[in-house]
Every structure is written in C-alpha cells, then in structure tokens.
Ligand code: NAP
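Next up: a single chain in structure tokens, the form predicted alone.
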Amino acid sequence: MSVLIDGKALAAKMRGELREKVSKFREEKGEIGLAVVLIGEDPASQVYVRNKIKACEEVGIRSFSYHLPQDCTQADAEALIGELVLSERVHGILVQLPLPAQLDERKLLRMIPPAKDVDGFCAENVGNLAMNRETIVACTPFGVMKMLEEYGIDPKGKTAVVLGRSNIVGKPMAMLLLNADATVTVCHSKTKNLKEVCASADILVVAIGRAKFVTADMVKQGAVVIDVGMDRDENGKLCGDVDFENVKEKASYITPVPGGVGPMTITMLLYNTYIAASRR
C-alpha cells in the first residue's frame, strides 16, 4: 500500500508560511498586487479566477480582477495588458486561458514582461529554466517539485518519466527533474512501447488529460506516481489520469485526485507573485 502525497495539507502549510512573508513585506515595502484577466464567459475559467482571487485574500496579496466580454477585440485586450504592465501596483499578471478564438493568445502573453510573468510561460523564463538559472517556474510543475521535497523524495540519480509534453506541465516538469539530476524521458502520443517506458520509471508524472489512462501494468513496483490529471470517469466522478485504486497497490507514493497536485498549483501562483514582488 502506497503513501498518499497530501497536496491539500502541504498547500495549507505553505500558504500559512506565505501569509507571514507577505505580511512582513507589506509592513516594509507595501502591498503585493496580482492582476487576473478573464476574457469571455468560459464557466471553468470563471471558477478558476474566483479561486485565485480567494486565495490571494487568504495570504494577504491584493488581487485586481478584470473581466472583458466574449467579443473583446485584440486592441482592447492589448490596451488592458499594456496598462497592467506599466502599473506600479501590479507585481504579477495572469491571463486566464483559454481565450476567445478571435484573440491572438501568443501575442497577448508576449506582452507580459518576464518579471511579471507569474505563470512562468514566457520565453525568457522558460529559457532560464532550461539553462538551470534562477527564474519564475510554471506553477503546476513547481508544485510537484515542492511535493517531492516535502516527502523526502530526491530525484537525483532516479529514472523519471513524464507522460505528456505540454508547455504548461510536461516540458517544464521534465526540465525541473533534469535540473534535479534525474534521468528524464518525455512520452507522448507518438511514443513507441509506452507501457514499457512508463514501467521503467522510479518517478512517473502523468499529465495527458485522459481519465484512468495509466494502469497498474504500466507502473514499476515501488514507483512514485504523480497524477496531474483532472478528469471525469464514466460515472461523472472526478478522477485523474491514473487508475488510482489499482496503481496505489504498486506505488510507494501516489497523489490522489482530488487533493493532490491541484491545491498546489494556485499556491505556487501566490508564491511566484511574492517572488516577483521581492525581486522588483
């Protein structure tokens, strides 16, 4: 039976520590501000934005919330982001994705300077990560590394497999593990012998968005299994990319869904905002 990696508890612990740091910062230098931009009416995005604003309040970071309509023009979106880039009150800018189809997502995100890119998505921050330099790191992979650290799981010398190659999770996750001296393989839809590759992993990180895709025969006995997925099963119940009930019998450590990686993502967004303010 595996040990559950409790992301909810770790997130609560980190937010408590962050609340103290933010309080001290406010006393010495003033408020820390995070601007959250929502464009359109996507229901999931609205929930995410509300959760981020609530989390800001919890640790003492001031949130500036902006909501542009579904038919927003590129010029209007660029004007808003341009204002936030220049604002002294704003230390971090987050544009909630996905955006309406008529908008040039890449161009809008490029407007955010690296120092205010608290999502860790801009080319300079990704480049710094690839070169193992100090930088702002994408929130979900950063959260995974904090979880491994909390549970005393050192990637050094271990075989790590990352299933998924997205810019948001898979690629930065692979770079973080590589920087931590793991031997890293990135798998995707074109990978041959996927089952065998996954079964070689001491640390298996799964982020593909396919419910219960990773089964017990794809997992090495005693592996650490990190499930980044957030899916619905055939009964509409929330689940991850890993067949949790069966895989937990083989894994040494495993993250549940919900309550695993999810709570860490917003926590690391808050942490990145604090870091951005501290460096300015």
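Everything numeric here is computed off the predicted structure, so don't read it as measured data. Quick note: we count residues from 1 along the sequence shown, nothing fancier.
What comes next is about the form predicted together with the named molecule, which does not appear here.
- When you look in the model of the complex, the only residue of Val169, Leu176, Ala160, Ala77 with a non-hydrogen atom within 4.5 Å of the named molecule is Val169.
- Of the listed positions (Gly209, Pro113, Gly82, Pro98), a single one reaches within 4.5 angstroms of the named molecule by any non-hydrogen atom in the model of the complex, namely Gly209.
- The stretch that touches the named molecule in the model of the complex, counting heavy atoms within 4.5 Å, is 183-191, out of 103-111, 83-91, 183-191, 148-156.
- At a distance of at most 4.5 angstroms from the named molecule in the model of the complex, none of the three residues Arg50, Tyr66 and Val118 contributes a non-hydrogen atom.
- When contacts are judged by a 4.5 Å heavy atom cut-off, Thr265 counts as touching the named molecule in the model of the complex.
- Mapping the unseen interface onto this chain, Val261 counts among the residues with a heavy atom inside 4.5 Å of the named molecule in the model of the complex.
- Although the partner is absent from this view, Asn125 stays clear of the named molecule in the model of the complex, with no non-hydrogen atom inside 4.5 angstroms.
- The named molecule is not drawn, but in the model of the complex it has no heavy atom within 4.5 Å of Ala216.
- Of all the residues from 89-106, none has a non-hydrogen atom no more than 4.5 Å from the named molecule in the model of the complex.
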